[in-house]
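Form predicted on its own, single chain, as structure tokens, below.
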């Protein structure tokens, strides 16, 4: 926690920021390992160069105190937060802050409270401060993410071992969730898209029955130690659909192109361009309907986003997905997804599970 506050203050100096104000959520949890209960009562964590403390509803103070020794400026329902927040700003030396950072995920009325008190301040969001720091993972975060990837490998293989014609998508998802639970991992999401359902990138797993010849998209993730896994693999029961092998090869080629393009100093859109170029050149461009990837950390989706328009410069330590896909309506979809951490010489894939098609009952 101390190291992250120090790093934040160093970044604030570089960005000429006088005050950072965060609400309950991922930014706050990452910065000081506290996740206080959030409701409509203003709850803020404010950081200046000389001070860091909470605007804390009295109703939440005793519970929150179990998780942090940082100072509280408490307020009660009968008095409102105004005086406590003024006291916090004064203690932080920020009553005349000229540049502030607001948590873009906080409630609008929380943000208004800050802006009403600091009307003269220039406002920005967290992209160049907390957000920028979160994008670069340290060794501890890498170890957690790597372990999470390994649990997903095992959960995927557990599903493959039991999948059979006649099962529903939901039953396959249950196998995955139970496999995560056996490893002490909280299931986060499980997309199982059989046959034509695989052509919906965010298919809602349901009661569709698996049958021979189905290509099955399997996108799974489980959480442990504050972080998650996220991977997508393909399985087929018996003989793959017509043209499946060709399309799978194209998607794998897009993955390889994206991996080759991902280097420190490269803009994120270059990685998307590489994957999209392979798919477009093969004649399937209109069927690649989403970005190539998203960052991952304390949130499953966070910066950097690997999109066709992103100007974010990739840096060593960034963690993100590479997940191109081709979705053929009414037939099948293919998505191959790995989470990578960017090293000085390129990406390291966290999963150990090959992206080859898993053929069941062959």
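Not measured: the values here are computed from a predicted model. Residue numbers count along the first chain shown, from 1. Rigid core here is just the name for the largest C-alpha set that superposes within 1.5 Å across the two forms.
One more form of this protein should be noted, the form predicted in complex with a further copy of the same chain, which is absent from this view; the next part is about it.
- In plain terms, the part of the chain that comes close to a further copy of the same chain in the predicted complex, with a heavy atom within 4.5 Å, is 77 to 85 out of 246 to 254, 134 to 142, 77 to 85, 156 to 164.
- Contact between residue 298 and a further copy of the same chain in the predicted complex is not found at the 4.5 Å heavy atom cutoff.
- In the predicted complex, at least one heavy atom of residue 62 sits within 4.5 Å of a further copy of the same chain.
- Residue contact with a further copy of the same chain in the predicted complex: residue 187 places no heavy atom within 4.5 Å of it.
- Contact between residue 291 and a further copy of the same chain in the predicted complex is found at the 4.5 Å heavy atom cutoff.
- With the partner omitted here, the residue from 278, 97, 111, 224 that has a non-hydrogen atom within 4.5 angstroms of a further copy of the same chain in the predicted complex is 111.
- Residues 111, 112, 116, 123, 125 of 110 to 144 are found to place at least one heavy atom within 4.5 Å of a further copy of the same chain in the predicted complex.
- Relative to the superposed core, residue 37 shifts its CA atom by 2 Å or more between this form and the one not shown.
- Residue 187: CA moves less than 2 Å between this form and the one not shown after rigid-core fitting.
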